[in-house]
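Next comes just one chain, in structure tokens: the form predicted alone.
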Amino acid sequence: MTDATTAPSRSRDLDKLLLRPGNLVGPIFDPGTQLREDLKEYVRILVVGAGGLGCELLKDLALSGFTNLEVIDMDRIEVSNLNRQFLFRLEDVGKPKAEVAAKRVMQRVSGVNIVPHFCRIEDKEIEFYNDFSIIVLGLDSIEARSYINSVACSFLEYDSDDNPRDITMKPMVDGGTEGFKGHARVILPGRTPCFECTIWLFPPQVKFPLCTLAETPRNAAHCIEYAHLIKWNEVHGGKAFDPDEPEHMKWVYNEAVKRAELFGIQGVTYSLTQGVVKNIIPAIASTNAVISAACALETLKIASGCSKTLSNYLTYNGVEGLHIKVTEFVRDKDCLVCGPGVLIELDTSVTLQKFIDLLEEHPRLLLSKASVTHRGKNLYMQAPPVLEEMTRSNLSLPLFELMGKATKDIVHVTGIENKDDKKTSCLRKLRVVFKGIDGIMDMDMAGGA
């Protein structure tokens, strides 16, 4: 008969990492049961995405001793998700992924508390993300990764010598999968390359010539893109296509089927339509499990110091055999996102409205429809309408006064970046310096910009 003192603990394997010293531990590592309890009580983890990778991450993090978890996802469960997003069942179709995933993990792992957020990542205030110890990404979108990266880097502060202050660093662990391939990376803003530093790693999306789509389609993807890029605008005029709206996607699918029948092309399915329109590559459950395990381990290493973290990009390839490689990429010191910030020199008379106009003309920013915050205070917000109305009166006031007459300080702007004829949401950090004040001369700070 086995009593409580000899029964194997659920944290048995975890204890091997947290309760004893080693040769590869980090400088902050202090082994003991107190460390295990501190992880439960004080460390807050945000998981961004509750899809194939997100489901694995929530399960792995809960089983790794973290009890304060939150998850954010804007999608609802679809039948096509069920083959790999193992937390969902047929009766869950149509329900928010974040809510169902949180509920299922809490049912299976006692003591863990997971708070779900069913919304877009942009809908949360910037300070929402600052409340977490570590942000773990399980996303399938470059744009979403870029946004979270810019938010996390916006919290980073630099000293007078342009050295990052570690206490303001918001660690991120990013995972991604494409079929039998995947990656896991650690991003320590100011220390390791951020997402923007290595954006070149992502190949450009495949684009079909419009003449081929309109005149000589040769495969199912051509028919789908014809319905998506050409037919939609012909029928709906200026109405924007929303890939996350099921009715819009079903319309494109039906039109693609008609197009395929006209040219005798086989293979148009609803799942393929989703994949082509949203640039989705089929997911493999085993790949999600491998990458999630790597991300969960890196999260534990960052939180506890039980081992040195990954330096800094792991790639996994299971197409033919098994190949895993770690590459140490170098941070871009001039990065607009994780660097000290873009230098903006202004006269004290410049109004907030003029400042916003300058952002649109600035060659390194090209930001339109900008919202501006300073030390957590909303100076001007484009949306929602109630906040726009509340902050509208600030537009006519000098930015110098709105910033408390500080001679120099950091402001954060959120807006639409127009880059390579593509508009994306982004957040940028700006170093604002006011000229013509006693003790402040025109400054050449471009080296850190």
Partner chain sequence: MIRLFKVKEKQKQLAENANGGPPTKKQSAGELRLHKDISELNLPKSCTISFPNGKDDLMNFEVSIRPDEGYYLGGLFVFSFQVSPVYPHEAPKVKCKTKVYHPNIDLEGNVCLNILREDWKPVLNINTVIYGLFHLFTEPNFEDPLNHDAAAVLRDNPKMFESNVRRAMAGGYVGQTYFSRCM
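Since the model is a prediction, treat every value here as computed from it, not as a measurement. Numbering follows the first chain given and starts at 1. Just so we're on the same page, rigid core means the largest C-alpha set that superposes within 1.5 Å between forms.
If you look for the form predicted in complex with its partner chain, you will not find it shown, but the lines that follow are about it.
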property	result
4.5 Å heavy atom contact, Q34 and its partner chain in the predicted complex	yes
D30, heavy atom within 4.5 angstroms of its partner chain in the predicted complex	yes
Exercise: E196 in contact with its partner chain in the predicted complex, heavy atom 4.5 Å	yes
Proximity of T192 to its partner chain in the predicted complex, heavy atoms at 4.5 Å	no
Triplet Q85, A285 and G318 all within 4.5 Å of its partner chain in the predicted complex via a heavy atom	no
Among the candidates I167, L322, A240, V330, the residue which, in the predicted complex, approaches its partner chain to within 4.5 Å (heavy atoms)	I167
Its partner chain: the contacting residue among A98, V337, I77, A296 in the predicted complex [heavy atom, 4.5 Å]	V337
Region of this chain that lies against its partner chain in the predicted complex, out of 345 to 353, 177 to 185, 131 to 139, 269 to 277 [heavy atom, 4.5 Å]	131 to 139
Heavy atom within 4.5 Å of its partner chain in the predicted complex - qualifying residues of 29 to 45	D30, Q34, L35, D38, L39, Y42, V43, R44
CA of R259, rigid core aligned, shift of 2 Å or more between this form and the one not shown	yes
Residue shift check between this form and the one not shown, rigid core fit, V330 Cα at least 2 Å	no
Shift of E41 between this form and the one not shown at or above 2 Å (CA, core fit)	no
Cα distance between L387 and Y129, which in the predicted complex differs by 3 Å or more from this form, closer or farther	farther
Distance trend in the predicted complex - C-alpha atoms of R428 and A50, change of 3 Å or more	farther
